[in-house]
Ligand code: PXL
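Shown here is one chain on its own, the form predicted alone, set out as structure tokens.
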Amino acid sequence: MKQAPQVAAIHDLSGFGRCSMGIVLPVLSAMGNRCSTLLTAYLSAHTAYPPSERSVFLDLTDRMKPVWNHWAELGARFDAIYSGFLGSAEQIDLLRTFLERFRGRNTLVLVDPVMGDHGKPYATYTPEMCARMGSLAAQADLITPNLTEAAILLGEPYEAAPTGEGETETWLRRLSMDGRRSVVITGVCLSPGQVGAGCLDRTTGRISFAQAPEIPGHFPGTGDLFSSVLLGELLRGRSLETASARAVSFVQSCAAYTLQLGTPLLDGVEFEPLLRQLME
């Protein structure tokens, strides 16, 4: 029997609300992978909820290296390394060290360069952190920025974000570093009422697009959901084009289901009842 792919998932964990590790772990597990979780922080609730003096934020930066040192002692080997939100310049540098320690010849490194949305960097992301994230992303085999993050990585104003296939292709090629890494840009809208992703596969050089009907509303955690499904499909041996289309379709289905149920949008998408769709 074939052993399950081993994934190192490096994310924060929110106790309330669906995002980050609360999505990554169940999705990748449902898709047949074994996840080793390296937590960057624990939050009482994800940051899309209104701030409160009772909010809890436990920074785990000083625990990251001891955790992976124990992993090394246990002989950990990974088929994929997947990182999401990193809360400080120090954590970004730590992840670069982690890659030096655990990246094997065939390890797929996916960096989701979580830095901002809706045209602006997150409040915690300084220009220095954005630059360091760019350096980290340069070491990835695959990056999955949204349009805001793509603009930051390219040093372009968000107002210059592409609106058609031709412009998106240009950004994809620039982000690929002359074809050295694969790229998926999320939040791409090619026609009214549609949204999805554009991707460049470094193996084939092929550019493709996947679109689905846009569901009204902002759903926290959909970027984490997209990247998790994308990685799960790649670890099954699917092409980047097929994996991207599957991820677009699943995120759209979860958003539509959430809207149908009337779940508060801040709680995130209701993906759990639909996980069976991701199982082979």
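Computed from a predicted model, the values in this text were never measured in an experiment. Sequential numbering from 1, following the sequence displayed.
Separately, the form predicted in complex with the named molecule exists; it is not shown, and the next lines address it.
Using a 4.5 Å cutoff between non-hydrogen atoms, residue 158 does not count as a contact of the named molecule in the predicted complex.
Under a 4.5 angstroms non-hydrogen atom cutoff, the named molecule in the predicted complex has residue 85 among its neighbouring residues. The named molecule in the predicted complex comes within 4.5 Å of a heavy atom belonging to residue 114. The closest non-hydrogen atom of residue 43 lies within 4.5 Å of the named molecule in the predicted complex.
The candidate site formed by 110, 141 and 228 is entirely out of contact with the named molecule in the predicted complex, as no residue has a non-hydrogen atom within 4.5 angstroms of it. Residue heavy atoms within 4.5 Å of the named molecule in the predicted complex occur in exactly one stretch of 241-249, 228-236, 29-37, 46-54, and that stretch is 46-54. Contact annotation for 1-32: residues with any non-hydrogen atom within 4.5 angstroms of the named molecule in the predicted complex are 12, 14, 19, 20, listed in sequence order.
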